[in-house]
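The same protein chain appears twice below, in two forms, each given on its own as structure tokens and labelled structure 1 and structure 2.
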Structure 1
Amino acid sequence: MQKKNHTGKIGAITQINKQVYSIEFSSPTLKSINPGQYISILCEGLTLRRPFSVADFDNGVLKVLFKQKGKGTEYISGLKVGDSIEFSAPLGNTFTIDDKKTLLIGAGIGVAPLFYLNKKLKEEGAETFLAAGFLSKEDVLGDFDFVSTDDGTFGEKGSICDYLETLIKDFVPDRIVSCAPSAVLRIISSVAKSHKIDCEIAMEKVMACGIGICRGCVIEVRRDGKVQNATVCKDGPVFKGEEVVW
């Protein structure tokens, strides 16, 4: 699929908690987008588009979760039902979709693309287990098979990383997939490697151009025995956990 610019019409926008919003919009020109890929929204008055993971795509309707933390997301959160929204899509690469037994692990707003992936994996007949970690009860962003909160106000108390060994032992996955802050992804990748479990991760980075030109989202990966540079926006955002140089 080639990146294209699209115009969508907002069908719903909901404030989930103090900072996080859900927005849904339809676009007749976007025919498909896969889990792991992202879109980049044009914000009025700003030169650079803002990238967002896709939380769902169904019958031409996109769903995005975002945290309000800057001018771009402030603009988007102020849009109303019926407003037009301009965006580029599809961008980036995708998670693997098959029928393998998959443990999905998210943290914070990083859970967004895992909702869509979980749905697609189940359609392929895969057995899945969706786990997530949040700071507090008010930050929980949906329904999960397992939840931990740092303060213990919902689910188990502590970081999701505290429960990795238990989740692996109880679910016995063929694969682990995660989207979370880098510190969490590093731990998950390390634990998966120690158990010899395949691991795919979606990196969270500030992505300006979306096409790998500005080099603002470069990370190091180890491929063919060599350390190389890769851009999260174009070469990712999905990588093998073991290939990332942490």
Structure 2
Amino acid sequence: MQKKNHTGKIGAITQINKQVYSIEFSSPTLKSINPGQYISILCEGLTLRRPFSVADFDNGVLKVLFKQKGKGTEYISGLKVGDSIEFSAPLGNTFTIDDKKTLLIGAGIGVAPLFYLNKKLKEEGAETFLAAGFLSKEDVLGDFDFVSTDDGTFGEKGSICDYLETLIKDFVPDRIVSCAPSAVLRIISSVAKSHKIDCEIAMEKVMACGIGICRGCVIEVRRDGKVQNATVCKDGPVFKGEEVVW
């Protein structure tokens, strides 16, 4: 059995804006990883590995988009081309990949996994619409079908949540998929539910083991009529919007 520990080599690392970096690396032992799944990176000197979603996986090359936040992301942003990187992968479950008409909604760095998902959905022949919200023009990460910024310096002005109804009305999706801060996910889930549209959201929680055994990352979900614990690391990070107990 192929184990989930890998050592990769950094092929590229670029600073995209003040806080966000893109890093690319490959490892001969990592054969596949699907949208929604994540990896966890060993950061020298730190106890816990840092989880990151996959922004792309192409010809064995993994791409991660990350926002510099604390010690772990500082370590990763300091890596150079040619440095080796130790990581565990693939971890977690996946978004549904089929040909359903899908509205993808990201906010901030939450857009990262949606790029890879969007690509895979299109390969399946799905019609997609990629929307995202950011704080300001300099935070916008990549190309989208719709963008809003809180300060109105790029795209429409306001939070992406202000545009949910319009986006749904115009695009009429069969499914909504989102990765965003939990306050935004909560709103998107409830709007999707009110329109009776399937909704998949990617959650975040501080993690230790990444494989469901330490129970450090649990959230409450309602399944089979009862509230139970689910781990974000293994049962997730992708959950149905309506099953999460907020």
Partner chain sequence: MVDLSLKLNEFELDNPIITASGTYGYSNEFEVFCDVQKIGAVVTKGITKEPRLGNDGQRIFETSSGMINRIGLENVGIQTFLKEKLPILQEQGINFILNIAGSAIDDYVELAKIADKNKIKAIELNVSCPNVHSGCIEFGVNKDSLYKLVSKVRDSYSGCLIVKLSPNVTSPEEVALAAENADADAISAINTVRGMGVKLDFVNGQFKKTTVAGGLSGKAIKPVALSFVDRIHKVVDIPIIAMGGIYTLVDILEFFSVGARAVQIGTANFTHPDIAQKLIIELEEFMQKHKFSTLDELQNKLKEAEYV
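Structure 1 provides the reference sequence; residues are numbered from 1 along it. For clarity, a rigid core is taken as the largest C-alpha set superposing within 1.5 Å between two forms. Quick caveat: nothing in here was measured; it's all calculated off a predicted structure.
Enquirer: Mind telling me which structure is the form predicted in complex with its partner chain?
Expert: Answer 2, the form predicted in complex with its partner chain.
Enquirer: Under a superposition restricted to the rigid core, does residue 183 display a Cα displacement of 2 angstroms or more between structure 1 and structure 2?
Expert: No; that C-alpha moves by less than 2 Å between structure 1 and structure 2.
Enquirer: Superposing on the rigid core, is the CA of residue 31 displaced by 2 Å or more between structure 1 and structure 2?
Expert: Comparing the forms between structure 1 and structure 2, which are aligned on their rigid core, residue 31 does not shift its C-alpha by 2 Å or more.
Enquirer: Taking the rigid core as the reference frame, tell me whether residue 193 has a CA displacement of 2 angstroms or more between structure 1 and structure 2.
Expert: Result for residue 193: no, shift under 2 Å.
Enquirer: What Cα shift, in Å, does residue 213 show between structure 1 and structure 2 once the core is superposed?
Expert: Its alpha carbon moves by 3.0 Å.
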